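What follows is a single chain, given as structure tokens, in the form predicted on its own.
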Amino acid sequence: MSEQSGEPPRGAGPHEHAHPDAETYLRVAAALVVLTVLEVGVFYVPAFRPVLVPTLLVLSALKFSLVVLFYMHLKMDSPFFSFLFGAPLLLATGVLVALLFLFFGTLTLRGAAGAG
């Protein structure tokens, strides 16, 4: 009866969106394949050696975002769930970057002090 009255189906929340069709999932899968091929290619190209880690991190972050948004349905979920997922992720990323700079700085200073 709710379909005839124009009301949303029972159990559908105010933030519920329509899920993507099969074509969208296939496009996302194709993008993931392309990003994976780029990751493997970047690893074997000698010109990318100086920026290998940042490049791989960016490509991995793109793949991670696509998987989370589409295959884990975070894009279609409530914004509250996006916040619950994104806020700790941002905090963890910030801590990781801070630790990398801290240890990279320590190693650099130690190496410079021993040089002369």
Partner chain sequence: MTHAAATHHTSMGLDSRKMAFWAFIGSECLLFSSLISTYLVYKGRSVVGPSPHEILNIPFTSVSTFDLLMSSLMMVLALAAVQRGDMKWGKIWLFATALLGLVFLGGQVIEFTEFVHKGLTLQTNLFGCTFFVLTGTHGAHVTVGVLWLLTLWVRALQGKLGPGQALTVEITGLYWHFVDVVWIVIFTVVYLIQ
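Positions refer to the first chain, counted from 1. A quick note: this is a predicted structure, and the numbers were derived from the prediction, not measured.
There is also a form predicted together with the partner chain; it is not shown, and the following applies to it.
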Query raised in the report: Even though the partner chain is not shown here, does P88 get within 4.5 Å of it in the predicted complex, heavy atoms only?
Result: yes
Query raised in the report: If you check in the predicted complex, is Y71 within 4.5 Å of the partner chain, heavy atoms only?
Result: yes
Query raised in the report: Is the gap between F81 and the partner chain in the predicted complex 4.5 Å or less for some heavy atom pair?
Result: yes
Query - Non-hydrogen atom contact F48 with the partner chain in the predicted complex at 4.5 angstroms - result: no
Query raised in the report: Using a 4.5 Å cut-off on heavy atoms, which residues of 19-38 contact the partner chain in the predicted complex?
Result: H19, A22, Y25, L26, A29, L32, V33, T36
